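Okay, so here's just one chain, in structure tokens, the form predicted alone.
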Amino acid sequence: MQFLQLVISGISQGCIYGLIALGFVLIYKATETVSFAQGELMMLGAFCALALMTLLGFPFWLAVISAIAAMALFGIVLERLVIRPILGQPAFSIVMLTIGIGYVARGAITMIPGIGTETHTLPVPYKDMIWNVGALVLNVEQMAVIGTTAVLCLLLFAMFRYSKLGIAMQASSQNQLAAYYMGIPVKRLNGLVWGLAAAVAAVAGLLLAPITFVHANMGFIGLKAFPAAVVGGFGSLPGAIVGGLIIGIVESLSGFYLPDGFKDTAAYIVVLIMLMVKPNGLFGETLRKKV
């Protein structure tokens, strides 16, 4: 029963990693660049919901929807004003730019008096609730993470499979030039992809906030989500979730059964093993380019 509790806890944490990794994969598929600002976008989403609920008095569900919509709009604006002008430059330049965006976001939050340097509790209606299933004790906060991740994955699957927007995004991710010649607005789609990645990051922040509280440094969890994207395969959306689950479960089990310190390094040990065994990740595709 103890092992099962650890696995459920690991799945819950892995879902958070997976959601952030989804942002990595979405942006990589659209622009072939890696955004290291995903963790900070998650942090901004959590602070946005906190501000709406505590300062403006929004009810919980309205604050959640408003925060996700606000972060989606922020992602679109960020891509248009900051990312798009530098596209075409070396990938290293874009990576450094996204790292800088993360530092600026974290610094901007920290400078807000009375908010940025404190740890806050997001008032959710299911705080500290538990379900007893036989001898198993389920934390409702963790169940909310798992359930919401499952629903979000189904919605994303339906969007990419059945909607014109999702099909256009897939076409653009496979070959932007061919998609452009076929009349697909590639630049506009790139903005929408950044908006979608920011919205997914906001969902992750809202799910994580009741468990770890809201603070300016909560975005550092993105450093654990990056290995999840690598393990699953950087070009695969399902792989991001599976990679997140693997990292979360391994981290949970190693933190209990292994000596202190292994929990923080477990994710990177898994990545090293994966790179040696299957460099493209579990669901990654082998791509060939003529030179």
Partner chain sequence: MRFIFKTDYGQDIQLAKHGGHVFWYGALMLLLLAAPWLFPEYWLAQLTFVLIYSIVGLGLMLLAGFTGLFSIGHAAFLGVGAYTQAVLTNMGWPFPLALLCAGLLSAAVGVIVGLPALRVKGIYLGIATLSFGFIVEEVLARWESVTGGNAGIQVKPPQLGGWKMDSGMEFYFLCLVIAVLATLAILNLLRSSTGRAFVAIRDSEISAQSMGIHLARYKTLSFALSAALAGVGGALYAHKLQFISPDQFNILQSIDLLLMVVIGGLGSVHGAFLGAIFLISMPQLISLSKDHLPDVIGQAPGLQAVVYGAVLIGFVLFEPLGLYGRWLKVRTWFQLFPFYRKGLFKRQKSFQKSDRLR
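Positions refer to the first chain, counted from 1. It should be emphasised that the depicted structure is a prediction, and the values quoted were computed from it without experimental measurement.
Not on display, but discussed next: the form predicted together with its partner chain.
Item checked: Site check 117, 220 and 260: each within 4.5 Å of its partner chain in the model of the complex by heavy atom -> Contact check passed for all of 117, 220 and 260.
Notebook entry, point to check: Taking its partner chain in the model of the complex as the reference, which of 135, 177, 130, 158 has a non-hydrogen atom within 4.5 Å?
Noted result: Comparing distances to its partner chain in the model of the complex, the residue within 4.5 Å is 177.
Next item on the list: Name the single residue among 247, 230, 43, 49 that comes within 4.5 Å of its partner chain in the model of the complex, judging by heavy atoms.
Entry: Going through each option in turn, the one that passes is 230.
Note to self: So if I measure heavy atom distances to its partner chain in the model of the complex, which of the stretches 147-155, 197-205, 119-127, 78-86 falls within 4.5 Å?
What the structure shows: After filtering at 4.5 Å, what remains is 78-86.
Check: Looking at the partner-bound form in the model of the complex, is residue 163 within 4.5 Å of its partner chain by any heavy atom?
Finding: No, residue 163 sits far enough from its partner chain in the model of the complex that none of its heavy atoms falls within 4.5 Å.
Notebook entry, point to check: Applying a 4.5 Å heavy atom distance criterion, does residue 185 contact its partner chain in the model of the complex?
Noted result: Taking the distances in the model of the complex, the answer for residue 185 is no, it never comes within 4.5 Å of its partner chain.
Next item on the list: Could you confirm whether residue 212 comes within 4.5 Å of its partner chain in the model of the complex, counting heavy atoms only?
Entry: No, residue 212 stays farther than 4.5 Å from its partner chain in the model of the complex.
Margin query: Taking its partner chain as it sits in the model of the complex, is residue 99 in contact with it (heavy atom to heavy atom, 4.5 Å or less)?
Written below: It does: once its partner chain is placed as it appears in the model of the complex, residue 99 has a heavy atom within 4.5 Å of it.
Note to self: Need the contact residues for 48-65: heavy atom within 4.5 Å of its partner chain in the model of the complex, sequence order, or none if there are none.
What the structure shows: Sequence-ordered list is empty.
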